[in-house]
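Below, in structure tokens: the form predicted on its own, a single chain.
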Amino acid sequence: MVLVSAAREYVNRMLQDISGMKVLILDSQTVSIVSVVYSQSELLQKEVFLVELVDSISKSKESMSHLKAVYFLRPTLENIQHLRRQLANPRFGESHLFFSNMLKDTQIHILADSDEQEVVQQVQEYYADFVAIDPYHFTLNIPSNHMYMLPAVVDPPGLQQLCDRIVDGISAVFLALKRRPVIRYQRTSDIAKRIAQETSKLMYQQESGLFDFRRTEISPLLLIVDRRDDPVTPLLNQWTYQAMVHELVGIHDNKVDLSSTGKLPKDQQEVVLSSEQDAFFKANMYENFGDIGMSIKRMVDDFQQVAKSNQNIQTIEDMAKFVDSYPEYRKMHGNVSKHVTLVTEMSKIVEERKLMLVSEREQDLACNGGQVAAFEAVTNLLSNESVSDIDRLRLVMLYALRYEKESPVQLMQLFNKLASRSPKYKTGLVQFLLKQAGVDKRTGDLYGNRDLLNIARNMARGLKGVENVYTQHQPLLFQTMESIIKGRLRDVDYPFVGNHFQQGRPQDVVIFVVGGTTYEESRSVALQNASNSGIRFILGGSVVLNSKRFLKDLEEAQRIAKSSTNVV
């Protein structure tokens, strides 16, 4: 519950001590931070009768002096300007200002100078500067995520903004946990090193007093890695519930937009998928697609039993009982129809795109050797009319990542075939991926064929066979966590920042992936935490990826790199 609880606690503290009718004023990022941990009905219970965005409030002149304004904003230049204007002409009786991260002294002076009518009652820093989508998984929803792929020589101003936002997010997580970590980073990544050094500077120099929690136990570990060390995981189709919904339909801030799926009633066009608010989802979010079907059938059967007993109303007492249980009945009805709709929609997509066929090949490319068979299988799928353009591209990328050194001639044949079958994908995108995340750029043992231990493990797995061909892949993150648990994470691959070293085994580890996490990885973290290894892992990233978002970032980075004259 760690991250969700921390963020909820901050929102609670903002709202509970201010009595009376309130308006909650958020910005485009804090609206996500609040919405994943607090429902609308919970806000109403705290007497929040209006939720507004700070930029739209700026446009309105209507006075609402009967309401108390609770602002929860990121401390950005833009937000301070909005506040300056709003405090000069206050519309609300009182203003309570909460910021999701550290304010600069100059910003505090600007706010004090603007508050001539003395409506501001308090100014506080509440460090909920991250989106806690699950108890052990947070994201920062950074729109310009593609920037992390740009070569160092390009260094656009947006890259510094990306670094600043990540440093802010990571520092807020540690302030919320009340800990200061030792910091390590992936040696082969310039951006991971830059973020690690800037985070260390903030925690140990600029704000060392704020991070000095006087704790005696072993410091937690912050490990900063680069998405390009494992480009395979975001390219794969997924077959466990949460990851599959994100891959095929899309999840944003724990909400799923179903408006494009056909004639659904208005209240079902956007549904919430949150392990905090939906017991069925919490119990099944990491289960395989086949098992989900069985679980949903059981849920439908249970609901039908309840519905049947509600039809049997004979007496006044029965009627009173039904009225009492009606809210629960409605909630159950909504939940059943939500999960049935999602699974039906996903089954339709799986059938249309022949994903069982495609995914079996993808898993082979990710987990098993055999270049000749792989080439033949990918060639056949590229010729298959039922296979969609995006699936063809992903298959060629997975083949290229695996066999870039072994079969350059066949690789060129696949590039040409892809160009003729799916002309919408510009030639060069697969080559750009190899330039970004090819074997020479990676630190980790992605295919388990560099390290003797991994080779042995793969052979054992091959002899034993796999339970499910569609979910045999394990993300590189799984190996990284195992290395940390066993104390085998090599200093040469993941150096420490500054003169800090880990004394003993950490109890808390935050792994931050620059470039974004996946739900397959957050599942690995949740299962690892459930195994009681004595270490609690938290996963964070700049965004939550599915293959569509990963490819979009890749295309955008390629476009900028091409147009930049500095790139050699």
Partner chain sequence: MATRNRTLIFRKYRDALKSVRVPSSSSPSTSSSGGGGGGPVIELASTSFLNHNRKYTPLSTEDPGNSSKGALTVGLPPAWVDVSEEISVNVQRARTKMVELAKAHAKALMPSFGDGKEDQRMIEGLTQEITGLLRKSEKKLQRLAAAGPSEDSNIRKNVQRSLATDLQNLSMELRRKQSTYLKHLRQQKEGQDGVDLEMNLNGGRSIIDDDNLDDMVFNEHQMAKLKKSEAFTVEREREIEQVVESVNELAQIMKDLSVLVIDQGTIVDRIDYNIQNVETTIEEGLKQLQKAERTQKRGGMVMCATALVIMCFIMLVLLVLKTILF
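Quantities reported herein were computed from a predicted structural model and do not represent experimental measurements. Residue numbers count along the first chain shown, from 1.
As for the form predicted in complex with the partner chain, it is not shown, yet the points below apply to it.
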Look at the stretches 356-364, 126-134, 379-387, 481-489 and give the one with heavy atoms within 4.5 Å of the partner chain in the predicted complex. 126-134
Identify, from the list Lys178, Lys441, Lys201, Arg187, the residue with a heavy atom within 4.5 Å of the partner chain in the predicted complex. Lys178
Looking at Lys255, Lys435, Lys348, Lys417, which is the one with a non-hydrogen atom within 4.5 Å of the partner chain in the predicted complex? Lys255
My question is simply whether Val340 lines the interface with the partner chain in the predicted complex - judged by any non-hydrogen atom within 4.5 Å. no
Would Pro220 show up as a contact with the partner chain in the predicted complex if we use heavy atoms at 4.5 Å? no
Would Gln122 count as a contact of the partner chain in the predicted complex, using a 4.5 angstroms cut-off between non-hydrogen atoms? yes
Does any heavy atom of Ser531 come within 4.5 Å of a heavy atom of the partner chain in the predicted complex? no
For this chain shown on its own, do Leu44, Gly93 and Gln277 all sit within 4.5 Å of the partner chain in the predicted complex, going by heavy atoms? yes
Members of 189-214 lying within 4.5 angstroms of the partner chain, judged by heavy atom, in the predicted complex: Glu207, Leu210, Phe213
